[in-house]
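Next up: a single chain in structure tokens, the form predicted alone.
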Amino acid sequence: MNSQLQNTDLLPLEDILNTILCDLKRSVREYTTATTESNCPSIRQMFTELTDSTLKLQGNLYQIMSQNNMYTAPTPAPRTEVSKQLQSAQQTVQKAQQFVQQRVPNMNAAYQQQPNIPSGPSKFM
């Protein structure tokens, strides 16, 4: 079995790295979804940290692949379009912050609810 794992003739290195890069991107999306759907602050923090570390790993792998001409970057976006999208996102964040600030007492109560994951011994051991 060890010789099977060392056989790199099955796929070119570029294809293997592209697969890993795609899996890292997929993991970031799933961790982000888990973060936004988490009710428990500690679980939310865990998924936030997983998202951050996976983003760093994905960025490092992309840089290595790009430096070795293994990844073709998309064409640059026009600066005006980037500015327009950035301004729209900033407005959305500002509205969301205002919404949350108006409801902080209610938000604190929401975090004090029972976690959706029961504590105690697991049934699946």
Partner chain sequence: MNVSQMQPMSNKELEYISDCISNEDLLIKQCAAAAVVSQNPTISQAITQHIRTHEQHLTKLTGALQQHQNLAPTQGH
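Note that the structure is a prediction, hence the values are computed from the model and not measured. Positions refer to the first chain, counted from 1.
Another form exists, predicted in complex with the partner chain; not displayed. Remarks below refer to it.
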Q) With the partner left out of view, is Phe47 within 4.5 angstroms of the partner chain in the model of the complex by any non-hydrogen atom? A) yes
Q.
My question is simply whether Cys40 lines the interface with the partner chain in the model of the complex - judged by any non-hydrogen atom within 4.5 Å.
A. yes
Q) How about Leu13: is it within 4.5 Å of the partner chain in the model of the complex, going by heavy atoms? A) yes
Q) Is Ile64 close enough to the partner chain in the model of the complex to count, meaning some heavy atom within 4.5 Å? A) yes
Q) Of the options Thr92, Gln98, Ser53, Gln85, which one has a non-hydrogen atom that comes within 4.5 Å of the partner chain in the model of the complex? A) Ser53
Q. Judged by heavy atom distances of 4.5 Å or less, which residues of 14 to 42 approach the partner chain in the model of the complex?
A. Ile16, Leu17, Thr19, Ile20, Asp23, Leu24, Arg26, Ser27, Glu30, Tyr31, Thr33, Ala34, Glu37, Ser38, Asn39, Cys40, Pro41, Ser42
